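Given as structure tokens, the chain that follows is alone and in the form predicted alone.
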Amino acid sequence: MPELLSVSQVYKSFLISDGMFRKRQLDVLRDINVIIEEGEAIGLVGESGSGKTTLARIIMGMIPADSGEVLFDGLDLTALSKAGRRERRRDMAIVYQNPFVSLNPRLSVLDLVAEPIRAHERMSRAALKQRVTGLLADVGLEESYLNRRIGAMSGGQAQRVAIARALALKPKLIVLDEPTSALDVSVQAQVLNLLANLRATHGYTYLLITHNLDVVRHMADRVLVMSQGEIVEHGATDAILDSPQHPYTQALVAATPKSPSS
């Protein structure tokens, strides 16, 4: 498959407070190299503070890397102008962990899903409503949801709205940042199956950030394991999870509760 994303030798650090008048440099990412091909689902796993979200924010163009190269669809994102980065952002989307935090509670579902479309395209209100209705249908929600507010919905329904919003511009890459961890266990499988079906139907490319190895096994073709700002192991999902080689990966696998079928 064609290469969609190439991250090469990316470093990132932040200055943090180390007392009232002192600051120190914290290295968050060190020599990160990632390749994602079109149509792949890549799992990015590691404990909190390992650098997963920082890497995702750099890929999305939300923060700059200190050094290194990020090629997306052949273009170096680090070399683009602000307008150029904004235009490329239409080819990327992100679904956050908690839709009740990431989505504006004052907007209707229609306006929430339509917002990215309005930012990049011009169309009539009727055409926009039809487009949003189709997106809701893709995530299993009826037209009657158009005028609802997020606060009146269940967690699973709200996350489906967040997914519909992410799909609005038909992105080439979708970052899924712990997309089910804020949901009830009974709803998690429904959302994961929805995401898997959308990928099978439309060929979406996913970067799945999670601490849940069962989710990775269900969703990802390959897995990248991060620890303390470095990718310590990577490879085919089953190979990594069934026979981890790095001590950190071995500890993650050992700490994962066995499913009833295991």
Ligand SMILES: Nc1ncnc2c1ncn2[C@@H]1O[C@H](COP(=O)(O)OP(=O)(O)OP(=O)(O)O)[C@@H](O)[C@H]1O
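So that there is no doubt, residue numbering starts at 1 and follows the sequence shown. Because the structure is a prediction, the values reported are computed rather than measured.
Not on display, but discussed next: the form predicted together with this ligand.
S.K.: Only one of 189 to 197, 65 to 73, 215 to 223, 42 to 50 gets a heavy atom within 4.5 Å of this ligand in the predicted complex; which is it?
M.R.: Contact-bearing stretch, as computed: 42 to 50.
S.K.: Would this ligand in the predicted complex be within 4.5 angstroms of a non-hydrogen atom of every residue among 28, 54 and 178?
M.R.: Each of the three qualifies.
S.K.: Residue-level contact is defined here as any heavy atom of the residue lying within 4.5 Å of this ligand in the predicted complex; does residue 254 satisfy this criterion?
M.R.: Residue-level check for residue 254: no, no contact with this ligand.
S.K.: Can you tell me whether residue 14 touches this ligand? I mean in the predicted complex, with a 4.5 angstroms heavy atom cut-off.
M.R.: Within the cut-off, so yes.
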